[in-house]
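Okay, here we've got a single chain as structure tokens, the form predicted on its own, with questions on binding and movement later.
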């Protein structure tokens, strides 16, 4: 990953902070707490003090100016430690939606709160049990919204929602409304990865404002692509950590008085996984560069990165569990936590099959 000196310093600083404040053990404590708690407040406060929510935003907009490559480096480090925070939901997805779907006035008013971490927002776009980026059920009636959203990240701890819907003409619209607004019911729950997700029920919920961008549908798709790429960076970090932990275990575990890392069958399997991981890494780095370059082919980059990281994260988690033996799935070992996270990440914003099909369609096949 080609980073400049400032981006390398950022990655090192964030890695040291997460090692100290958010080791993998912290996920177990969060998992066992009340479902309404999506992240540890002290961790989020520390990340905000480091400027993490503002990493990708340009300096003229009040950000740090590290670009998508800088944010991608941060997400890789978060993925290596399974750190739970609203980085994806608020600092990446919500900020992108406001920037790309709102007008300049809305951006100037809403973005500073998200960049500082003073406010936390999340995007409610999915409906039903399978990923479908376009709303079909949630409807706008004047300044009210009615419908049901699923798999809403961190909604139980957010300040406000950005909800996609269809207006009376069938056009895409996005409304901003407070999480505690009348007509809004949020039911948080944890999935097997220990993170908080929520189902959001809207019954004649009064919207505070509608995003007023000129091309909302185009902007929302780009925001979704940027978020998918950042999630792929997190998945890459988790995959890299799995590979390194498994390699270390193969070099220390003995069977029949020899290191199991000397077994040729295991060497072949780990070498194959390494090659697949490097291919996925190249795709993620290319996608991050495409965001910074404002590429017209961002959707292709997003689908390629998500498909490859989804496959390798799942494959490496399977291999890690098998090579660690039966104890690999026990809760006392971290490998099982990565396996569970890999399964949930693969489903977020489209699984590998979805993105392979989408990539082929974008290429004209």
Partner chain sequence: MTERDLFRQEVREWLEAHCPVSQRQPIIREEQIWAGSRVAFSSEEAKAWFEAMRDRGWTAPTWPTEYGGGGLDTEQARVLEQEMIRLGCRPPLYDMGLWMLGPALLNFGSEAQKTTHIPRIVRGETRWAQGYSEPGAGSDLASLTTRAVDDGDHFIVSGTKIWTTRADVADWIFCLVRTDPDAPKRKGISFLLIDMHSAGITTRPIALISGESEFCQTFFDEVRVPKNNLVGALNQGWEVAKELLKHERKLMATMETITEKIDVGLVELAKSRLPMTDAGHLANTDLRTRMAEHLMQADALNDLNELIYGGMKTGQFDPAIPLTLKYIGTREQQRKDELMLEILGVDGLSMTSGKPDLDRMVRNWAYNKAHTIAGGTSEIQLNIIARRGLGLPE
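This one's a predicted model, so the numbers in the text were calculated from it and none came from an experiment. Residue numbers count along the first chain shown, from 1.
Missing here is the form predicted in complex with the partner chain; even so, the following discussion is about that form.
Trainee: Tell me, please, which stretch of 206-214, 190-198, 101-109, 168-176 lies within 4.5 angstroms of the partner chain in the predicted complex when heavy atoms are compared?
Mentor: Partner-contacting stretch among the options: 190-198.
Trainee: Even though the partner chain is not shown here, does it sit in the predicted complex so that 255, 271 and 355 each have a heavy atom within 4.5 Å?
Mentor: Judged in the predicted complex, 255, 271 and 355 all sit within 4.5 Å of the partner chain.
Trainee: Under a 4.5 angstroms heavy atom criterion, identify the one residue in 293, 218, 275, 142 near the partner chain in the predicted complex.
Mentor: By the 4.5 Å heavy-atom cutoff, the listed residue in contact is 275.
Trainee: Tell me, out of 138, 88, 121, 151, which residue has a non-hydrogen atom within 4.5 angstroms of the partner chain in the predicted complex.
Mentor: Contact residue from the list: 151.
Trainee: Using a 4.5 angstroms cut-off on non-hydrogen atoms, would residue 339 count as touching the partner chain in the predicted complex?
Mentor: Residue 339: contacts the partner chain in the predicted complex.
Trainee: Could you confirm whether residue 327 comes within 4.5 Å of the partner chain in the predicted complex, counting heavy atoms only?
Mentor: Although the partner chain is absent here, residue 327 would touch it in the predicted complex, with heavy atoms inside 4.5 Å.
Trainee: Look up in the predicted complex whether residue 351 has a non-hydrogen atom within 4.5 angstroms of the partner chain, and give yes or no.
Mentor: Residue 351: yes, in contact with the partner chain in the predicted complex.
Trainee: Does residue 35 make contact with the partner chain in the predicted complex, using a 4.5 Å heavy atom cut-off?
Mentor: Although the partner chain is absent here, residue 35 would stay clear of it in the predicted complex, with no heavy atoms inside 4.5 Å.
Trainee: So which bits of 114-136 sit within 4.5 Å of the partner chain in the predicted complex, heavy atoms only?
Mentor: Residues within 4.5 Å: 126, 128, 129, 130.
Trainee: Quick one: in the predicted complex, is the Cα gap between residue 36 and residue 335 smaller or bigger than here? Answer closer or farther; it shifts by 3 Å or more.
Mentor: Pair moves closer in the predicted complex.
Trainee: Taking the shown form as the reference, report whether the CA atoms of residue 34 and residue 160 lie closer or farther apart in the predicted complex; the distance changes by 3 angstroms or more.
Mentor: Compared with the form shown here, the C-alpha atoms of residue 34 and residue 160 sit farther apart in the predicted complex, by 3 Å or more.
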